[in-house]
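Presented as structure tokens, the chain that follows is alone, the form predicted on its own.
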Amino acid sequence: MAVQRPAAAPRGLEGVVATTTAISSVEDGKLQYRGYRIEELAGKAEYEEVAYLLLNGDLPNKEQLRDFKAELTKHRTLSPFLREILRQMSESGTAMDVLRTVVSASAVEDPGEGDNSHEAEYRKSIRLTAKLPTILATYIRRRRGEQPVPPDQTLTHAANFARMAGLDEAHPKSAEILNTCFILQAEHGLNASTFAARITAATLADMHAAVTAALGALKGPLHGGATDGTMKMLDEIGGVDRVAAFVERGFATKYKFPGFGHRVYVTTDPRAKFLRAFAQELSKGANAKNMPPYFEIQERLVEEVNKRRQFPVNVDYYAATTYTYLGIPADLGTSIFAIGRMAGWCAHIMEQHGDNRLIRPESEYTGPTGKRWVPLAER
């Protein structure tokens, strides 16, 4: 009797439920972290509160938040070993290559290396969440030819990053805006980078290996690179009066508009409205005066695209202009995203290790069969 194999899954596993999770829920127009809708957190909470929520299951009280912040600030500083890697890579490496490499290298000096217990992984989560802003800010300073600025233990996660990266000098609201951006980007279900982290963790590889896998997946332009692509598109358009013709050509050539569309959000990405408000506000500021009318181009672009097809913009669309107005180069958008997402990745890795089963799906073979060996002289 022939063994009946399961039907082939849809391409990209779309619609396939691969695991269960208590960390977040992603539905069309709705995003929840541990039961809290994103509207309850963005613009209200500090990133540290949300990181605690993702790692522990609920929001902290005053004492818990104080202790959690103290742990984060204690681990912000980089060792001489990591600083030397950054010094050597920052001249020619991309931001995502640097983050992936330094995070991976940090495993060799982590006191919990080789320990996948919940307690050890929780401490690793704090160390990784604390260090990633310092790694990125050091890279940003070095590639500008400047000396790194050490962490300030008195500042919040977002404010400390803004200061270390020199963004607080560019705009007085940079820390406030980045705090909300980090919250909006902190977690998003079984996206490509989180799935990569869980697949890696399912082999019982350690947290640093799983986070490194996540950073590798995030680098891809179909996942985390839409901020850079959005700014390139806006620069190519150049003016509001050129939008209609650009969209016409785009649809005729099957152009993939960066920042448009999402695998889950069919009508609305609930994160986009927060970033749109930031982009609109910043477009009226002094930093925007010497730039093309990016926000106006974006608004007209949304209008023209939606005349032809209802295509919701995603979190990256207005993040691109928000970061640009804050003085953040477009190619750094994905690495900024990683700062927020670190706590979410770590929460998923701990959840995977807490109830583990190796993730090993089937594949449907589509190649030839029945071939026979032919000696080399006869080929």
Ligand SMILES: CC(C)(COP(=O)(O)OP(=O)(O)OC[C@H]1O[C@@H](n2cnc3c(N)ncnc32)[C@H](O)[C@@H]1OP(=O)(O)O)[C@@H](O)C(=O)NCCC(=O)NCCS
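Here the structure is a predicted model, which is why all the values come from computation and not from measurement. Note that residue numbering begins at 1 and tracks the sequence as displayed.
The next section is about a form of this same protein that is not shown, the form predicted in complex with the ligand.
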Exercise. Heavy atoms within 4.5 Å of the ligand in the model of the complex: which stretch among 308-316, 23-31, 346-354, 37-45?
Worked result: 308-316
For this session: Heavy atom within 4.5 Å of the ligand in the model of the complex: which of 278, 182, 260, 139 fits that? Just give me the one.
Result: 260
Exercise. Among 291, 286, 244, 222, which has any heavy atom within 4.5 Å of the ligand in the model of the complex?
Worked result: 222
Exercise. Is residue 255 close enough to the ligand in the model of the complex to count, meaning some heavy atom within 4.5 Å?
Worked result: yes
For this session: Examine residue 226 and determine whether its closest non-hydrogen atom to the ligand in the model of the complex is within 4.5 angstroms.
Result: yes
